[in-house]
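Let's start with one chain on its own, the form predicted alone, as structure tokens.
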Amino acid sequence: MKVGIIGSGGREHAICHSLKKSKKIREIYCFPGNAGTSKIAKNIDINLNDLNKLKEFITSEKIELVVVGPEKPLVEGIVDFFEKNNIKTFGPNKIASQLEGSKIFTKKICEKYNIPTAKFGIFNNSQDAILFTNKTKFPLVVKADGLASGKGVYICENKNEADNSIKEIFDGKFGEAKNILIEEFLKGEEMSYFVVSDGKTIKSFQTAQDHKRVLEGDKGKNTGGMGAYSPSRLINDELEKKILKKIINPTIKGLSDMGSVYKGFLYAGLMIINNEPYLIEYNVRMGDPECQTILPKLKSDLFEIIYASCNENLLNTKIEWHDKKSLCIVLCSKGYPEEYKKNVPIKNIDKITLDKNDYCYHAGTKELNGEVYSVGGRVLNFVSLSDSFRECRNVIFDKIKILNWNEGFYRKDIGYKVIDE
């Protein structure tokens, strides 16, 4: 079978690498892919906004299944468009994707179906939002309603920080802002919980914890993710039952009551307080870099899981995992998440040796005349599996030292809560 993957990041390279292992796949096409996917698939440079051109290529090449990696095409309805044109697609439709596309959409489902979450207020102008901060407790959380590449969330310690955050969002930092969300700050420990769904059956797809802040000690600005580890130290059978009963199942019911079903990966960002889960947000796809952390642990054939999900046959599909710890460190361009240089050569990448438990997924890279260049803020994802998180981290440090890329930086404390305590 021929398979297409939409996206160009580390998540898509990890999906491509995992699908490549399947004996049922003959060829993989990445739209547009990166320097890493170019080694194992065919990169096709088509603008993702040009859906008709994508459809024509997919149809002419007889690609039988398309996997959508990033959130933006999902929220904009790429699945609906492809399915209308008889292209089998893995990912949620436009209505279901509003779980990520609008934080307010999700909060209203939480309100209606009694899903535990932070108390919140919705504001449609900066004046009312700023007035609200005059009479509230700090810290509090200010969120852009729509997509913001993981960066539209501000944890504000005082009124000045809150007011500045509100102004930035309404001034268009993340695109046009019609509404803003202000939430109470929940004090606990975060966890990412993943499921895969075929519209009828839901199956767990591991847990992880990512590090969003750019600086060590979880300080500085929010990023798309500086690293992650799996599994979360918080997960246990009782907590998992609560997550499914109180959060995932009511959300799926809420969509069903709207006449929609959920197919694809669903990622719940949770705050765990005394073994009780609270929903922070949903992502309607695998996380990045959580995907890179989780997929190397998968023992089953990823293609079979995805194909079964598209055909409502997940109930009869077994998902097995390697009993290993996994850790991912993201190597970023200096300056990220602010301004950074592009088209910088990465000279020593061929010197990196990888065994069966080591991975180097490309994210913001491109290949030109046999050379690899950085073109994004997050450039490479180093992943290692072992029986110990500390060993994983040490192996990755060695790989990054061999690479010796002077234009990059990374956090040296990824996984500190499971390593240092």
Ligand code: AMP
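Keep in mind that what you see is a predicted model, and the values were worked out from it rather than measured. All residue numbers are counted from 1 along the displayed sequence.
Below: the form predicted together with adenosine monophosphate (AMP), not depicted.
- In the predicted bound form, residue 312 stays away from adenosine monophosphate (AMP), with no heavy atom inside 4.5 Å.
- At a distance threshold of 4.5 angstroms between non-hydrogen atoms, residue 263 is out of contact with adenosine monophosphate (AMP) in the predicted bound form.
- In the predicted bound form, adenosine monophosphate (AMP) lies within 4.5 Å of some heavy atom of residue 212.
- Interface membership of residue 325, defined by any non-hydrogen atom within 4.5 Å of adenosine monophosphate (AMP) in the predicted bound form, is ruled out.
- Just one of 234, 344, 244, 118 comes within 4.5 Å of adenosine monophosphate (AMP) in the predicted bound form, counting any heavy atom, and that one is 118.
- The partner is absent here; in the predicted bound form, the one residue of 240, 304, 276, 281 having a heavy atom within 4.5 Å of adenosine monophosphate (AMP) is 281.
- The stretch in contact with adenosine monophosphate (AMP) in the predicted bound form, judged by heavy atoms within 4.5 Å, is 137 to 145, chosen from 78 to 86, 333 to 341, 167 to 175, 137 to 145.
- For the partner-free chain shown, 183, 184, 185, 186, 190 of 181 to 211 come within 4.5 angstroms of adenosine monophosphate (AMP) in the predicted bound form, judged by any non-hydrogen atom.
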